[in-house]
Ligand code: SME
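Just the one chain here, the form predicted on its own, laid out as structure tokens.
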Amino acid sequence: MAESLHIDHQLSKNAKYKQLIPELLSLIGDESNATAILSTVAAVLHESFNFFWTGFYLVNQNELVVGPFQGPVACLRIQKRKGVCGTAWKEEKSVVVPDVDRFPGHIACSASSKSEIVVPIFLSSGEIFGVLDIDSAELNTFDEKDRINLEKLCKYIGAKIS
């Protein structure tokens, strides 16, 4: 049984990432199964930051299919170029959305979602494996600190599952 992480919830966002990422990488260090890795990452991020929805959408032919996640029921499939996830996949870059109601074509899986960040996961081949999708019930939750830290984490995940 894995030891639980000890994240100080009083830390600033940047300090929390600085503490969380090395502990999370240590936790999944020897694991090679993609489902186990993604499930653990989703659970740790969700618990550590108290996000509304935290999970992964995985590329399956010409669409994204929901993968391991924490939070309420989500959209099962997302087309390329549709919504925030489909846009991040198509553009092959992270997308930070301060207010989802102002994002053209936003897919409202839940009316409680107010802001969102989506980060692609690249395999060592350069192909996109999927995206990390995090929603908040608050406006303006995500910023450059989130983007930079989550991109580092997703780079590691992509290398691990390649």
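Values in this document were obtained by computation on a predicted structure and should not be read as measured data. Start at 1 with the first residue shown and count on from there.
One more form of this protein exists, namely the form predicted together with this ligand; it is left out here, but the text below deals with it.
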H106: touches this ligand in the predicted complex, heavy atom cutoff 4.5 angstroms: yes
Partner contact for W53 in the predicted complex: this ligand, 4.5 angstroms, heavy atom: yes
Within 4.5 Å of this ligand in the predicted complex, all of P120, F142 and L150 (non-hydrogen atom): no
Any residue of 118 to 143 that, in the predicted complex, places a heavy atom within 4.5 Å of this ligand: D133, D135
